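Taking the form predicted on its own, here's one chain by itself in structure tokens.
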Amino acid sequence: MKGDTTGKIVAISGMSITKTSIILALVLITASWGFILTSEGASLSEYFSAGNLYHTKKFLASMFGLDGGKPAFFSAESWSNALKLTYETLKMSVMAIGFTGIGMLLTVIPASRSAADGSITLRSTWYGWLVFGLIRLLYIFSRAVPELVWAMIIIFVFKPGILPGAVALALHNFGILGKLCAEVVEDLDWQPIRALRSSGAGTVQILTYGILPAVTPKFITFLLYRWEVIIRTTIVVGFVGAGGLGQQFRLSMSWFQYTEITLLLICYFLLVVGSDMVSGLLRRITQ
């Protein structure tokens, strides 16, 4: 009887929270659109004017090759060049996630509060907290700078190519992936690890038998997720000369070669679909 009453209370509480969330969401949506339409003086009708519709129709016709000429996506040579750039983009993304993964693995344990407060070593030291704070600040700085800015800075050091793009993407994602994985370590159940420590296990043994088996599946999930994000972000760093499909996309836009843009978007789509299939397969294997 007591369990039924508790269940009803939990259900009512959950419904109340859901109702409140929906109301708050509606209020925020209404307030934001009201601000846009009143304070900013925006008008939705301007976006559907005859001039905009004409230019949209003309642009889409150019992308699909309906304005005359031979579309690039019907040319074998264009496909060959696009696939080479796709391969370069794939190499850039693999290099980037490789650099990111190595940096994360080297810093993730000292970047967790569990290492600083002594959950792993059973003793807390001042230098443990110092290392924790420094690495967390490094994570924040790394992800605070966008990939495009990192690429623009690195281009001044390296010559244009896929290496600057890979380093720029790695630096930005290092802070994101490091924070996510450090929180995975912090959320572990530390009772089995304390038992290992109490039975005389060393730090290496605790890492090998206690921590790594527990965190590896989530680490792989986050790595694969960030790899998919990196593939999509290669187009951004390509705009500043980092190579791959992104650089050619910028050039095609500058030269008004719209059918090449369509071809490059098709290659991006195939690349993302392929990476998604590989990620799904690896997740099933590691689970």
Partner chain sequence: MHRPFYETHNRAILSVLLVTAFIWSLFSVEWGGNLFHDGGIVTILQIVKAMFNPDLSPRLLKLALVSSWRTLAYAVAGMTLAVIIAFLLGTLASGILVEGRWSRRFSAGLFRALLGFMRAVHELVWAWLFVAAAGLSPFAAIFALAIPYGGTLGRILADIINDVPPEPVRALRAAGAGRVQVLFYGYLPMAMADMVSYVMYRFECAIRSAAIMSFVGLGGLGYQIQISLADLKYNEVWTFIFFLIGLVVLVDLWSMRLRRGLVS
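Only the largest set of C-alpha atoms that superpose within 1.5 Å between the two forms is called the rigid core. As the structure is a prediction and not an experimental result, all values here were calculated from the model. Positions refer to the first chain, counted from 1.
This next part talks about the form predicted in complex with its partner chain, which is not shown.
A.B. asks: Given that its partner chain is not shown alongside this chain, does L37 nevertheless sit within 4.5 Å of it in the predicted complex, heavy atom to heavy atom?
C.D. replies: It does: once its partner chain is placed as it appears in the predicted complex, L37 has a heavy atom within 4.5 Å of it.
A.B. asks: Give a yes or no for L148: in the predicted complex, does one of its heavy atoms lie within 4.5 Å of a heavy atom belonging to its partner chain?
C.D. replies: Judged by the heavy-atom cut-off of 4.5 Å, L148 is in contact with its partner chain in the predicted complex.
A.B. asks: Indicate whether Y127 is a 4.5 Å heavy atom neighbour of its partner chain in the predicted complex.
C.D. replies: Flag for Y127 set to no.
A.B. asks: Would W190 show up as a contact with its partner chain in the predicted complex if we use heavy atoms at 4.5 Å?
C.D. replies: Although its partner chain is absent here, W190 would stay clear of it in the predicted complex, with no heavy atoms inside 4.5 Å.
A.B. asks: Just one stretch in 69-77, 201-209, 82-90, 127-135 has heavy atoms within 4.5 Å of its partner chain in the predicted complex, so which one is it?
C.D. replies: That would be 82-90.
A.B. asks: Report whether all of M95, F99 and P217 sit within 4.5 Å of its partner chain in the predicted complex, measuring from non-hydrogen atoms.
C.D. replies: Yes.
A.B. asks: Of these, A170, I162, A182, A115, which has a heavy atom no more than 4.5 Å from its partner chain in the predicted complex?
C.D. replies: Comparing distances to its partner chain in the predicted complex, the residue within 4.5 Å is I162.
A.B. asks: Across 136-157, which residues bring a heavy atom to within 4.5 Å of its partner chain in the predicted complex?
C.D. replies: If the 4.5 Å heavy-atom criterion is applied to its partner chain in the predicted complex, 136-157 yields I140, F141, R143, A144, V145, P146, L148, V149, M152, I153, I155, F156, V157.
A.B. asks: A25: after superposing the rigid core, is there a C-alpha shift of 2 Å or more between the shown form and the other one?
C.D. replies: Yes.
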